[in-house]
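One chain comes next, on its own, written as structure tokens: the form predicted on its own.
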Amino acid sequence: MPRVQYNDLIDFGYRLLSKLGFAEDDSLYITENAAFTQAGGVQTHGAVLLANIESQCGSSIDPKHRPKVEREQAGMALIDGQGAAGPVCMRLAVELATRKARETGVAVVSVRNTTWIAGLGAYLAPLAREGFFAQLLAQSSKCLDAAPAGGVDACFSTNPMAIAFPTDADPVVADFSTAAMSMGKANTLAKAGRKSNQPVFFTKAGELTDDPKAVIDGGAMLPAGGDFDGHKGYALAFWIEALTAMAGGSCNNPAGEQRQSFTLIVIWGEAFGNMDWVRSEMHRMTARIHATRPRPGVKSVRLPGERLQTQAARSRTEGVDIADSLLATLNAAAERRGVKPLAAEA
């Protein structure tokens, strides 16, 4: 797999987005979050965001559009994307939520009518480092990916969510789908001709299978928890649809326009007056988890998101892995926009 230098990826994304007409601070914010996810080894939700935004500029995205605050109170805000890119809306949501949470202790900001924000955890990691406890829940209005528990027809997108909270060292950051897996992972498995490690897909005829091509061909995937505990992932997926409706967005509707909605919930740890206790408890708890006996075949027990953060830190110095197909897609976008291509190491 090709490898690029972390700073080169940042520079490339910044130049590409700036050429598209994004403001400098928006270009940097989008690129830094995409690069963090890519550096963590997530090919499906990292630098591909740059290509996704480039492909939608002039149609679903206008780099000059700004998200609008439609409603605001002390501990909440509602934002309409108005054609702005998803990460641009996220940047405003983070600014509002963290400011409000510092003042009121807790803040909820919902965003409707925007585009794909890709990896959720990248947006929360900096908040946790500042002492916030954060949750992010997202939905795509038209994607038909996951079935409800007990059903075989897709009624949801993969409806991802992420959580992050501070410790005495790196924060804990977990980013996961409320379906059996992300569609990016399902597509990657299908393109490679691989199967999942258990049957988590339905064919169009409603038969359970481990072949990811089934969901691509009009089937569906199980909710998180699979055939045994899928009612839990189903409930979370439906909760995210309810938050979407609360924000004035469209619940999953294949007849509607493809838009993404998300809700950011932020708690200011200092409001409870015991962050020293939090850090000491997290130190004790994480040490206890790390000392847990691993199962056969498992090297060690990790914290949620630990592998990604460790990989991202290593990639900053050793280089970032990037799939051949993704590198080609990014450089095709660069050629269309008259930007110097992203060079891989020899």
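Quick caveat, the model's predicted, so the values are computed rather than measured. The first residue of the shown sequence is 1; numbering continues from there.
There is another form of this protein, the form predicted together with a further copy of the same chain, and it is not shown here; the text below is about that form.
Not one of 94, 169 and 322 places a heavy atom within 4.5 Å of a further copy of the same chain in the predicted bound form. The closest non-hydrogen atom of residue 69 lies beyond 4.5 Å of a further copy of the same chain in the predicted bound form. Contact between residue 210 and a further copy of the same chain in the predicted bound form is not found at the 4.5 Å heavy atom cutoff. Contact check for residue 116: no non-hydrogen atom falls within 4.5 Å of a further copy of the same chain in the predicted bound form. Contact between residue 217 and a further copy of the same chain in the predicted bound form is not found at the 4.5 Å heavy atom cutoff. Comparing 276 to 284, 60 to 68, 23 to 31, 40 to 48 against a further copy of the same chain in the predicted bound form, the single stretch with non-hydrogen atoms within 4.5 angstroms of it is 276 to 284. Site annotation in the predicted bound form: the residue of 188, 258, 135, 82 reaching within 4.5 Å of a further copy of the same chain with a heavy atom is 135.
Contacts with a further copy of the same chain in the predicted bound form, taken as any heavy atom within 4.5 Å, map within 134 to 162 to 134, 135, 144, 148, 149, 150, 151, 152, 153, 154, 155, 156, 161.
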